[in-house]
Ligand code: NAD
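As a starting point, one isolated chain is supplied in structure tokens, in the form predicted on its own.
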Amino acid sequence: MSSMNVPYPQPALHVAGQWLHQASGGERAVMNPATGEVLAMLPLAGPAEIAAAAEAAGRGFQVWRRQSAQQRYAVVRKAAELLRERTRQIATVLTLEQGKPLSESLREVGLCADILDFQAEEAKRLYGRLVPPRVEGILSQSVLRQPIGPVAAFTPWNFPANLPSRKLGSALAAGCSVVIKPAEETPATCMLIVQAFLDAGVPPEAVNMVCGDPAQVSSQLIAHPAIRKASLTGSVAVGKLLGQLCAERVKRFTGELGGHAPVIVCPDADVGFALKSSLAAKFRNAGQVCASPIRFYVHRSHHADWAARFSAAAQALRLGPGLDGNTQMGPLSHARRLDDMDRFVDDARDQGSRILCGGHRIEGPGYFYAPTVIADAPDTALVQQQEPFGPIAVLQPYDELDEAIARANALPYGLGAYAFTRDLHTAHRLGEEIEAGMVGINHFGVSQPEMPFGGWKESGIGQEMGAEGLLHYTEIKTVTVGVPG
């Protein structure tokens, strides 16, 4: 089916309360990664629109911050309900421009609404505290949390509904205004989410959306005096750059960056359950997930069986357009990802690794790459050192749990990590000793609205979601009141 037969909205920017279908930065094509067709042309913000968005966020903040916590709760909750009402429309647009199967897109939009529900409730719980005075004549000492101010938020293309919803929901629930820059590959999903917030009652100038040259947009927004905080979901390299820009201006920064998630399969694990769970987690969104499992450390007693069954199941996955109900894995999101997959596989092969399945592009239209399983990759292989961000899994045997934990912790990344065991003592040991912001034992569902999402080491600074995610959009203020005269 041609994408031209499926409704796709005309992308626009939202600046100072207006939707802009033309902007001074020119335009670029938005592609359907399953077919290579052009869906629409996206207007790109130039310096004028970027400045106008930041200035509007400053004005919008003065309006929105004065809303009570109860009022903010009601608006963000209304946005959640609108997302639920519009789930199929948003999910279809998401699949068209990003490529993942529609079933995954539907779950993603549903989770967005749940995230907004939780953060809306947390708006009513931005508690401070009272501290007993130690000096005579002081009536009260209060520690308050107040919104930090206008936020510049940057999100990538792999979860074009979930990631903007996290940042918009948390910032707005805390009382901040936002300028959000979604990925230029997937602008319309974010546009529909912004529209839901506007329809729910967020002041028009409190939510701005711009797309453009990523380096220009980020540097100009962070430098703008109206912006008080930047929040990024992206690569480690970009996170370091934006963190440096924020540090130079003493502005708050939250970075949810890349990972290289290990999976430890213990000798007592339920191998059938672990295999089924690992297959679904590894090839979800074609492996384009920051917490996607990559390095599978399988106890030697199970390794040969695991390698045969895992590679056979991966090879049997049905690839196709996301709107096809039979599709189990969609395309990569853009052509550059295909080049990256080739680079990882060629390097592994050159270093003596065995390619158990996949390792090649799929002929035909779209950006499809075969699910790939690699064995015997040396530690010097690129795929053992860098996040492939695609449908590639690496298998390694181990003999002792100490060895597996040491190898899991060996990289400078620590976002997600996973393990399978039926021994309670081992489960607690793994949870204690693995160096990652999120550790899932016997499951991969570490991303939940109620739980903080963030990494250790080079995988990030700060958290999103959970109560902790909201607190990152606040400043602490000490207020003391003494007896007059």
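Position 1 is the first residue in the sequence shown; the rest follow in order. Please read these numbers as outputs of a predicted model, since none were measured by experiment.
Here the subject shifts to the form predicted in complex with this ligand, a form of this protein not shown in this document.
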* To do: Find the only residue in P164, G259, P331, P187 having a heavy atom within 4.5 Å of this ligand in the model of the complex.
  => G259
* Asked: Heavy atom within 4.5 Å of this ligand in the model of the complex: which of R295, K181, K229, K100?
  -> K181
* in the model of the complex, do N158, S235 and V238 all reach within 4.5 Å of this ligand through at least one heavy atom apiece? -> yes
* Asked: S311 near this ligand in the model of the complex, any heavy atom under 4.5 Å?
  -> no
* Would F389 count as a contact of this ligand in the model of the complex, using a 4.5 angstroms cut-off between non-hydrogen atoms? -> yes
* Asked: Is G201 close enough to touch this ligand in the model of the complex, meaning at least one heavy atom pair within 4.5 Å?
  -> no
* To do: Considering only heavy atoms, tell me if G128 and this ligand come within 4.5 Å of each other in the model of the complex.
  => no
* To do: Among 272-280, 296-304, 207-215, 119-127, mark the stretch whose residues have heavy atoms within 4.5 Å of this ligand in the model of the complex.
  => 207-215
* Select from 441-475 the residues with a non-hydrogen atom within 4.5 Å of this ligand in the model of the complex and write them out in sequence order. => F453
